[in-house]
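The data below hold one chain only, encoded as structure tokens and taken in the form predicted on its own.
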Amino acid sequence: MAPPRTKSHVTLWDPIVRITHWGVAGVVLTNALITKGGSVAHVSLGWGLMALLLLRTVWGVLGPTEARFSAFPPNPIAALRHLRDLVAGRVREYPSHNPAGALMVYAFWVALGLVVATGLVMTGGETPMQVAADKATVETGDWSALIKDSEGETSDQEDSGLRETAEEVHDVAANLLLFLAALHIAGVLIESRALRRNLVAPMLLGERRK
């Protein structure tokens, strides 16, 4: 039987939050730094990212209190107040994300949503198996080869323009994710130092000790 919980042993992040957090991080870094756009691996990871986002969205409604969206609503004024207090050396604990962290989370989700949506536009919603069947895409990473009309020909000029726009937004959103990730890491390090405890451990182990 598990030992009773005490005030020194506090569960903070549940397994679903941790899995989606590190899963998204892994997909973003792998697709940004390793895979080639349009490849089967890139598209497969994109579909995995979509699944992780859907899971986290459902968990944000049905999960435990600290994982729900209602626990960390976006509040720019509160975020600025938190940053001001942090600079002044006045820090406090929050049962979920602090206000600045909450804004970062929502910014991440918007950028992730754009990456997924534009990826689907560029691939015409094709699954990784369908992409694998298209040798031209696998060999060259050419997005235009992914979308075919009903007669097997490439889409018309209007669709081509839409794909080009989607690709531009996709690239911008992907770069924004890397920028936000750098800010997130810096914020975690600063907050950890201010609070004098490791904020990474709860996301790895799911618990913190006071």
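Just count from 1 along the sequence shown to find any residue number. Predicted model only: the values in this text are computed from it and were never measured.
The next section is about a form of this same protein that is not shown, the form predicted together with a small molecule.
Output flag, Val24, His97 and Ile185 jointly within 4.5 Å of the small molecule in the model of the complex, heavy atom basis = Yes: Val24, His97 and Ile185 each sit within 4.5 Å of the small molecule in the model of the complex.
Is Leu205 close enough to the small molecule in the model of the complex to count, meaning some heavy atom within 4.5 Å?
-> It does not: once the small molecule is placed as it appears in the model of the complex, Leu205 has no heavy atom within 4.5 Å of it.
Tell me, yes or no, whether Val28 is in contact with the small molecule in the model of the complex, where a contact means a heavy atom of each within 4.5 Å.
-> Yes, Val28 is a contact residue.
Spell out, yes or no, whether the shortest heavy atom distance between His42 and the small molecule in the model of the complex is within 4.5 Å.
-> Contact check for His42: no, nothing within 4.5 Å of the small molecule in the model of the complex.
Taking 4.5 angstroms as the cut-off for heavy atoms, does Ala181 touch the small molecule in the model of the complex?
-> Flag for Ala181 set to yes.
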